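Starting off, we have a lone chain in the form predicted alone, written out as structure tokens.
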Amino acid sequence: MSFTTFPLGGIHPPERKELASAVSIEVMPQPQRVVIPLSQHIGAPCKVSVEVGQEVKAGEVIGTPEGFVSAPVHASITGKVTAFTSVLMPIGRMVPAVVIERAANHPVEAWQPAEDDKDYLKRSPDELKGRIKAAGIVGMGGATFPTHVKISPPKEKPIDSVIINGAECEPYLTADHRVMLEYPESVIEGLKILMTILGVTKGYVGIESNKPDAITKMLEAAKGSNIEVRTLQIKYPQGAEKMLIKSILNREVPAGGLPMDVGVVVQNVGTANAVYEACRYGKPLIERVVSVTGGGIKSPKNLKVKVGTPVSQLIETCGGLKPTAGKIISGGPMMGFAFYDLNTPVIKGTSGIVVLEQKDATGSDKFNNCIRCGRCVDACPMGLMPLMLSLFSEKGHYADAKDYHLFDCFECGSCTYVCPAKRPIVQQIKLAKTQVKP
């Protein structure tokens, strides 16, 4: 197996995977109450399709999409709709949500498959795509782009390769690693379904070399198929779509373009697993594996969690916070967002909850002037000039930042990580993007 990677930039932050990588997935007890946001995806939010006081079953649709770029939302537990509310998501946006409560004396009723369609690979691409759409599947690596949209490219952009992203390059996170170890056949079958839908004969799984056990499992599961498992060099952000495509296929997505522009579709490991469950069993996306890890949590775990479960309950299941806990992040420490409220619910895109210790979370509102050292330029995997984007944004010259390929930045945070002046480069780039049109 050859180790492949992307040529430009990249960094090597401490991995800290050892905290939870050897901990098997644990099914978390079903919550008594869930708060399920109606917008857990990129695109149009769902319209509520239930009423207060209505009894709903696990897996029942409670939010219907109002546009093509959208995905239905389902009840994750059996119970009664008790309220409509709004929740503040980690990205800082208020989202309408449905509150479902299970009666205290009501037995736990888990979702059960209506049938087991063992001939799912013989179904037509449209039928498989319809099952994926009905299940409300979105990108589970954090981007949350509706999967049925991603696998519906225009005819003028034919796809010849599908890549499953098993890199999981963010420090601390181990959910995808555990899914590959414990459900390798499901992930490979999910990839086969995606290949069938897109009419593709070649599939790939990219995994960083720090997961040799997952590589072995996936090789075994892919044996005898047209699926190739590629071992990737350990380098952040190896798991970014454009970096993964360059590493595996040596194709460059054009500036402002999408993977489909070079004939590729990329999906996350968890998404592939969800695709398999939807197409074989009709299972909607009502639960997912979440890494709860970090130096500030007492017992790091990988939990299978119902969508809508408060983050506070996950932390409690992991023994609670250590006295040294300093910051709790949704996602990884490089691209994640700090939680404002621990009552925030788990959503389809919640890949991890990282609890940093105070010594690792300390920061300052003050930063120094750019010294033109060029470290951010060396670290940028897109070959951009982050220092110029930062300076233009700081001075309010947002149009000038656009001229420096502002929208080619996918905010991986490599520049901020290496900056000796501790400049908030990513935050300044985010600001600039809100001030100009792509």
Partner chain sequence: MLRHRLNLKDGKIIRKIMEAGKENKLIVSVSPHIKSSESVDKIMWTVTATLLPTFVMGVYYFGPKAVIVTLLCIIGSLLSEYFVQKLAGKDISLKDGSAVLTGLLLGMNMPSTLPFYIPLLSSFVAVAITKQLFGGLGYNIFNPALMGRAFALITWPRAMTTWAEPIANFTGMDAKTTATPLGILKEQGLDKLLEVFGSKMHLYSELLLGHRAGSLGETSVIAILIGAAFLLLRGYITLRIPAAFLAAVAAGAWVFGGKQGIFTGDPLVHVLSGGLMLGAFYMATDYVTCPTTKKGQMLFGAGCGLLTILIRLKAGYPEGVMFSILIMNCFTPLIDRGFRTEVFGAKKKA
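Values in this document were obtained by computation on a predicted structure and should not be read as measured data. Residue numbers count along the first chain shown, from 1.
A second form of this protein, the form predicted together with its partner chain, is not displayed here; the remarks below concern that form.
Student: At 4.5 Å between heavy atoms, only one of the stretches 314-322, 178-186, 152-160, 283-291 reaches its partner chain in the predicted complex; which one is it?
Tutor: Only one stretch passes the 4.5 Å heavy-atom test: 314-322.
Student: Which residue among Pro31, Gly43, Gly413, Pro65 has a heavy atom within 4.5 angstroms of its partner chain in the predicted complex?
Tutor: For this set of options, the contacting one is Gly413.
Student: Considering non-hydrogen atoms and a 4.5 Å limit, which listed residue (Glu252, Asp213, Glu109, Glu220) is close to its partner chain in the predicted complex?
Tutor: After the contact test, the surviving option is Glu252.
Student: For Ile25, is any heavy atom within 4.5 Å of its partner chain in the predicted complex, or not?
Tutor: Because no heavy atom of Ile25 falls inside 4.5 Å of its partner chain in the predicted complex, the answer is no.
Student: Counting only non-hydrogen atoms and a 4.5 angstroms cut-off, does Leu121 reach its partner chain in the predicted complex?
Tutor: Close contact is absent here: in the predicted complex, Leu121 is far from its partner chain, nothing within 4.5 Å, heavy atoms only.
Student: Counting only non-hydrogen atoms and a 4.5 angstroms cut-off, does Leu384 reach its partner chain in the predicted complex?
Tutor: Yes, Leu384 lies within 4.5 Å of its partner chain in the predicted complex.
Student: Report yes if any heavy atom of Gly374 sits within 4.5 Å of a heavy atom of its partner chain in the predicted complex; otherwise report no.
Tutor: Contact check for Gly374: yes, within 4.5 Å of its partner chain in the predicted complex.
Student: Within 4.5 Å of its partner chain in the predicted complex, do Gly336, Leu342 and Asp360 each have at least one heavy atom?
Tutor: Yes: Gly336, Leu342 and Asp360 each sit within 4.5 Å of its partner chain in the predicted complex.
Student: Quick one: which residues from 79-115 get a non-hydrogen atom within 4.5 Å of its partner chain in the predicted complex?
Tutor: Nothing in this stretch is in contact.
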